[in-house]
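Coming up, as structure tokens: structure 1 and structure 2, two forms of one and the same protein chain.
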Structure 1
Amino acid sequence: MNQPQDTTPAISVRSLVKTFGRGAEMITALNNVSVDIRQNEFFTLLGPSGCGKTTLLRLIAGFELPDQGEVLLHGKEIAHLPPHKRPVNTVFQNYALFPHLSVSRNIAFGLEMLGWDKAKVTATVERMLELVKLEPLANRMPDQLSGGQQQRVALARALAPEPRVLLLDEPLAALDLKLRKDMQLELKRLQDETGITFVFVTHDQEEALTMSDRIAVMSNGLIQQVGTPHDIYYAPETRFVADFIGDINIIRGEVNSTSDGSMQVTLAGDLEMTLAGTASVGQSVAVAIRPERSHFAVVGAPETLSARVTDNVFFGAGTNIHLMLNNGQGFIVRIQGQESGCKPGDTVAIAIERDAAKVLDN
């Protein structure tokens, strides 16, 4: 049998507008946002604080109602349903565990509200405790748990009712670095094991790149780009995305000629490259290059940028060599280890990997 796969998006957000306040103090939190989140996907909303990512999550959860636009859950309009009528659950930033209920009663809460019968509730709670590895703590109260343990209870509580979509609002922000790294993998494992669609909100780009199937980068109430971590990292479409994700060199280029989707661009008045994109001849464009995709070459070799070393910065896993290009713009080359073989004042040549340079919109 060849069953047609259900390709209805788990969440489909259409032209969503949400404003807060009124008059002169009105803030547009979401400015006509549309995005499709696929089934069984680990989808991340990434952006700086105030970019609208949490508002979008709260609109999906039902804690806020949109001014305009639609939210579809598996094809069904839910934008105006109250939270308790939506088959989605939320893991809150500070966990919001019920302080008067034990770990297992917290996990059972949603199931009891749904009116599940007792045996099924007990069995599910046990399964959830096992899933998040908290069996020994079933009868503890939330204030007897560490931050990481509370985090797992919050996860178990939200996963127990088997929601169609799990919403996670910066759930790892309060954990220390090592625990956060562990939980990132743990979350990914839980998503694989349960097959539930995860919508994850974070301002931490590394976290987003580590965990996500796809990422939507947001700023100022708009979605800047949606793509896989690889796309977002190596093929940023806008200056905002390029700047926000990781370290990147953004240098000026002059368009010399264009032909059918590609163009000849002179970078920093020094190196001519063929890049994808459209612009008019003579226009100045911003070109983004990751520090780890540029390397040192023999001075004077063809197809290189020449530059002067200004600083070596060792950061543990590697070293950033800070350079100044001929046109006065800064540039960083990242190498493994500590031995750069160059010192401030040296003149060097930079070779750029094929396809590493991207022309940015605006």
Structure 2
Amino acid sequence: MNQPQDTTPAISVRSLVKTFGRGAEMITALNNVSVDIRQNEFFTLLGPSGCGKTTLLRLIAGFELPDQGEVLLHGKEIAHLPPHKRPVNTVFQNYALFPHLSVSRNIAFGLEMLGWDKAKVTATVERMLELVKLEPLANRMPDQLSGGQQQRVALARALAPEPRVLLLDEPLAALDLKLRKDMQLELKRLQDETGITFVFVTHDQEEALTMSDRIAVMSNGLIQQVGTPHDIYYAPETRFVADFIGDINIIRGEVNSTSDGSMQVTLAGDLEMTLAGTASVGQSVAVAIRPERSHFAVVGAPETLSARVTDNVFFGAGTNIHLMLNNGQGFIVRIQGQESGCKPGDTVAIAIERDAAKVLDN
């Protein structure tokens, strides 16, 4: 008989509040934040500087204590436990390797402090070196390693004690672009192979979209939206999420009629579409459309927006065509891997893909 699967979240935070300072100088870093992080998932906290993502990570790690709320690990309250008593490990942007210890000794040090026997330490170090592909560098010192290699040592050291959760605070920020992209794939591979829950903090949207099973987008101490990378990118729930993740067209529309959770909306005074939503007739709404979800059509064709080309911006894999709609709003159409054939001043028609337009909550 199959055993029922344990669906208890790896981490649950409940109504967390964290402030810094007092009186007029008080800053609310987290404002009644609640979220569940599933077992064995790569979960990312994404947002701009000061949004509260690192504070939330530090509360889970035990480096900060909440003013209010709970932190649960696999259903057990841990907010009262000091960091060294929590079965979690943290990898920081500064890898903090011991400069006087070799790669293998850096990995072994924490295990020895935990009282592991020598044979188990040796076997674990060998397994970690294999996992992060550093076996040939076991006897090198940290100053003989590249930035990416140092990061792998820090990861191996953090993974060696077999924590139930690994917390990563912008660990790729100091790497150059190509190495950062390589390490994104490496981190996801490590998470898949170990089955450990990874909680990753970043302000980089591409990093989050590339690696994550789910993403929590944060702003001003609040979680704006939690979802898969596809949901966050193509179905943003708020204007902040839509604006923060990649390029987006946000244009105004007016509601003409409503029916059973849908509404007829006229976009930019030009194109009528049926969209999901419950706004009132006559209300103005913000509608988000990704640049790659629209294309050029024959001028004068039905169900299109009319616009004038203002600029072409080539970015390697394609070109962003910047346009001005009839009502004066800007719009971008993205053409992948080909010449657009458009030049500034041209009049064009824009067709929007079915289900590409999303009404934003605010």
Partner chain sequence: MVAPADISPTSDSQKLARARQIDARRKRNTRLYLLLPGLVIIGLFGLMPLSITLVYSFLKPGSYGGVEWVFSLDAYVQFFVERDIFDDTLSPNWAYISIFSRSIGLSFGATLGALILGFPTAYYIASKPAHQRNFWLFLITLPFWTNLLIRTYAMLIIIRDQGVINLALMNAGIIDKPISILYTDTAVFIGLIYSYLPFMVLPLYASLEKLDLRLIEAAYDLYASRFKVLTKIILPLAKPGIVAGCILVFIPGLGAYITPELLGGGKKLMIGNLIAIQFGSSRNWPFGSAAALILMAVVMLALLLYVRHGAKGARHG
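Every residue number counts along structure 1's sequence, beginning with 1. For the two forms, the rigid core is made up of the largest set of C-alpha atoms that agree within 1.5 Å on superposition. Predicted model, so just to flag it, every value in this text is computed and none were measured.
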Structure, 1 versus 2, that is the form predicted together with its partner chain: 1
Shift of G246 between structure 1 and structure 2 at or above 2 Å (CA, core fit): no
Exceeds or equals 2 Å, Cα of N256 between structure 1 and structure 2, core fit: no
M141: Cα shift of 2 Å or greater between structure 1 and structure 2 (core-aligned): yes
